[in-house]
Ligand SMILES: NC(=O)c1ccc[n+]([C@@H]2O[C@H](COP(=O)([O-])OP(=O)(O)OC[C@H]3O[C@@H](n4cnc5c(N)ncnc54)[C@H](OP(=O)(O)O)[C@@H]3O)[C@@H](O)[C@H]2O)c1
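Shown below, as structure tokens, is a lone chain in the form predicted on its own; questions about how it binds or moves come after it.
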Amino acid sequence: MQRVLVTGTNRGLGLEFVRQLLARGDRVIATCRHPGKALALTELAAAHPGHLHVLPLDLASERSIAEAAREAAALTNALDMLINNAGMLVSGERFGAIAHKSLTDSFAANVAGPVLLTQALAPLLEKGKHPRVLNLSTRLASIAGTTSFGTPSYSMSKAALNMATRQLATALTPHEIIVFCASPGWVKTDMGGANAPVTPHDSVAGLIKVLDAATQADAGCFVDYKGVEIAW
């Protein structure tokens, strides 16, 4: 039984993480911006009494991050895994019409939020068993793999998250906390679209296997949901 906090759990990959972690007996703290509207989480909490707690969290708000960290500390004395899944993608961006707000909101949600949340939860992770932090990235963040213009706010902010992962790994490895980033693949979710080839179940099952197998040698790495390294 592991103690896990997952962000962005009202739908998609975050919700699938919660389902699969609960199914194997883990205790989960699930966060989302509006828990009252997260009906699927409410149903899961009823089906798994005592194993799922749902907390409000807006990653664009320092106050919300601090409050979520305080509430998490009241629910558990340690965390074994933090899954920074929440993020945003601005669709339809075109060069010449990129909005300032799209960039700033993307960097707030995809970079600043995960960094500040990891920092706030580090004391709980230090007390965990084999503690790990997974930052959900994307192949679109690979600088080496970029050959065309597209989703600039998302791609650039996720590339910054990759650097943040390396920074966090450097800071937290001395405390035996493993931090790495992974691409879930092109997944059939609201963000990925109906044509995506990977199901949420398969993506999350793979990512959980990668998390379970992670060692200190994986700190600061960038891999896919099958554990294969991705070029920076």
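Each residue number is its position in the shown sequence, starting from 1. Everything quoted here is computed from the prediction, not taken from an experiment.
One more form of this protein, predicted together with this ligand, exists but is not displayed; see below.
Only one of 22-30, 52-60, 168-176, 66-74 lies within 4.5 Å of this ligand in the predicted complex by heavy atoms, and it is 52-60. For the three residues 138, 158 and 191, a heavy atom within 4.5 Å of this ligand turns up in the predicted complex in every case.
Although the partner is absent here, residue 86 sits close enough that one of its heavy atoms falls within 4.5 Å of this ligand in the predicted complex. Under a 4.5 angstroms non-hydrogen atom cutoff, this ligand in the predicted complex lacks residue 206 among its neighbouring residues.
In the predicted complex, this ligand sits within 4.5 Å of a heavy atom belonging to residue 187.
Using a 4.5 angstroms threshold between heavy atoms, residue 13 counts as touching this ligand in the predicted complex. Proximity to this ligand in the predicted complex, defined as a heavy atom within 4.5 Å, singles out one entry of 134, 109, 115, 124, which is 109.
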